[in-house]
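Just the one chain here, the form predicted alone, laid out as structure tokens.
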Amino acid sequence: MSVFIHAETKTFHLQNSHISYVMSVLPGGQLTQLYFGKRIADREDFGYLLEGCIRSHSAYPDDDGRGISLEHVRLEYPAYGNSDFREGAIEILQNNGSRLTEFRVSGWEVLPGKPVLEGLPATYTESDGEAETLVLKLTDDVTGLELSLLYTIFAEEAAIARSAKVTNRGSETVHIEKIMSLSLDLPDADYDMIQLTGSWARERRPETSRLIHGIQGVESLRGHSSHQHNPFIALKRPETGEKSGEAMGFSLVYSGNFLAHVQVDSYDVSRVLLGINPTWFSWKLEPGASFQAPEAVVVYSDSGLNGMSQTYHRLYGRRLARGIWRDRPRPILLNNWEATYFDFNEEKLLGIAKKAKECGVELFVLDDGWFGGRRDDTAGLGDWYPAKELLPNGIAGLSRKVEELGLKFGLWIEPEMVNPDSDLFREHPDYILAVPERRSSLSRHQLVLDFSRKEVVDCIYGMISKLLRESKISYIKWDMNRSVTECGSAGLPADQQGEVFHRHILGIYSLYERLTSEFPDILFESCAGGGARFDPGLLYYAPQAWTSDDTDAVERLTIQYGTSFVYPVSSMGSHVSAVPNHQVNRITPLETRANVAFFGTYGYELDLGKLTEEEQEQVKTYTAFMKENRKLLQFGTFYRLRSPLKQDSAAWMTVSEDGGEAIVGYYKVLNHPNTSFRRLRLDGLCGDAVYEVTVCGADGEKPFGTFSGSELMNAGLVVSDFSSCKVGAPPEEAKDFRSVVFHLRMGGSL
């Protein structure tokens, strides 16, 4: 890993064993990007990659005959208005009404490791040798603004973390109207774009479209990253698949309004922009003040989409997630929500917890309805004290009783919201996000607390921290169940109302930081009506997230498949729930529900006491299997093998670091008569090794066969018997929603 700086040619080359990123300074002082991709050798001058010529109807800021129009070069951090007619990365409103800036390179430095982004989540290093950071300084001479562009290249990963910071070194106040975390110009447009799209209960479904001239992309204006779109896009070559081909990922470490789009110009240059959504964003920057944009992480892969995803999994799992739970296998939990909803008392909860303990569960979680006047979803949010009529011994007493059963205790909270029917709202009606003389919309009978104000954050912190100090709580499920409307703050003047969306997210981060720092042993799981805020920003504070409110095993195949494009298996909250499923009313086998949930944090979302004795014995078997194998399942190298989007089956696998052990999940969605034979090609194994393969089920593991790694990866694992393709197959095999888990262990002989 090195950052090469060639002062004579003003060329900057970030390089490790996987990738190269090359920039240089134009004669006019602007910064141009020359190359990003697979590692290339360093040289003094990469100027041959700068292409320019005189074109009709173009403008030339430096009339020196060299034919350099900013419209036709690949700019590193462009600003609209000075011969570049494409979307810019930065826009600053000045006192004279102008938005024109001309940032020119004025200096640079290389830092060991990676600097902290104050107040923001970001990837990090644990030693300086893990990364180097190039900081490029650019200055606009008219305004005195200084732009710092940060590039961190990691020693072992094909990834670069980028961010931008503006400091006002001038004498006048300005307003930042747009500031992207990343801008990248690519020399062609021969790409397909992948986005993760959806809605509540069907989050992060991959959609692929061909790049065309113009602008395409995704965004959120909901005040959070959203169910609808994730702050991520990927570009891949048309021929790229899971195992081979070029792909690039662009991921924003942020939980608020975002924009991710690609503009293809008439010369087939593709400009990728990623950052805070500029709609309704403005930041007042006084002399001497700075603004730090969130971090973006760009990943390059020449080994297909799995290669891209695995880089994100390692980086986000090990150097974005933090705390003692980062590397620990996660406890198997039971959440009471779908078991009881609001209909519970202490006795009922303890009965469910006792049965969970008998089935091998380690953590009992009390969900919504335990506090204030909360008897349904119309009241009580904001009153974070236990309802004594339901819990006469409070949360402190209940948590101790649960621990006496041999379980840890967890609790659900939704600290960012308030019901109008609550003591908090009656005492502080000004604590909500609202616009004067405008009505406030309700969603789920809730309003959004104004976390851009420190006093509001302090109020919630006081209640939650008191509860955590007084009780024996090992886990917190932090929920968020509505989008932001009427975004205004009573705590800011008129010329700073454009800051509210961003300041609100910073307030959420600050509360997370205070609570996770004060209670480092607690496992925090983020949730947002399921997956409305499943993003890298919150992964920094909570190492796992509730993947979706939809717990149906078939729907979860697509949801967890799409989530895996960016996020590690250890981050995916996945539970076995009751049937008929509460979201889609589908009935799936208990075995399939478990086989899907194994590839995540694993838990239960039902009253185990309502299962038959036979089903309870199955649960004990599945729980024991997960306990034995959760380190491999949650932290192994994950491969997507078969997409649930285009086929009637899906498959994935996880492999140990040394390739000596693997677990494969194969899922048949719908049954078909007289179907074709099926083989499943595996990945990530040692080709010359021999593996003993077993089938894992409700009655334990049974031998399946012995195969070489090369056989399994090239000839494939025969799964025809699990697809009910044979004429005369037993009736119990001729069912929808069948699945099987294979366990591979190196050893034996052919």
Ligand code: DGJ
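None of the values given here were measured: they were computed from a predicted structure. Heads up: residue numbers just count along the shown sequence, starting at 1.
FYI, the form predicted together with this ligand isn't displayed, but the following is about it.
Interface residue among 84, 367, 265, 555, judged by heavy atoms within 4.5 Å of this ligand in the model of the complex: 367. Exactly one listed residue, out of 625, 565, 540, 546, brings a non-hydrogen atom to within 4.5 Å of this ligand in the model of the complex: 546. Using a 4.5 Å cutoff between non-hydrogen atoms, residue 80 does not count as a contact of this ligand in the model of the complex.
The shortest heavy atom separation between residue 219 and this ligand in the model of the complex exceeds 4.5 Å. Using a 4.5 Å cutoff between non-hydrogen atoms, residue 530 counts as a contact of this ligand in the model of the complex. By the criterion of a heavy atom within 4.5 Å, residue 137 is excluded from the residues contacting this ligand in the model of the complex. Figure note: of the listed segments 546-554, 355-363, 109-117, 507-515, the one touching this ligand in the model of the complex, with heavy atoms no more than 4.5 Å away, is 546-554.
Contacts with this ligand in the model of the complex, taken as any heavy atom within 4.5 Å, map within 316-340 to 337 alone.
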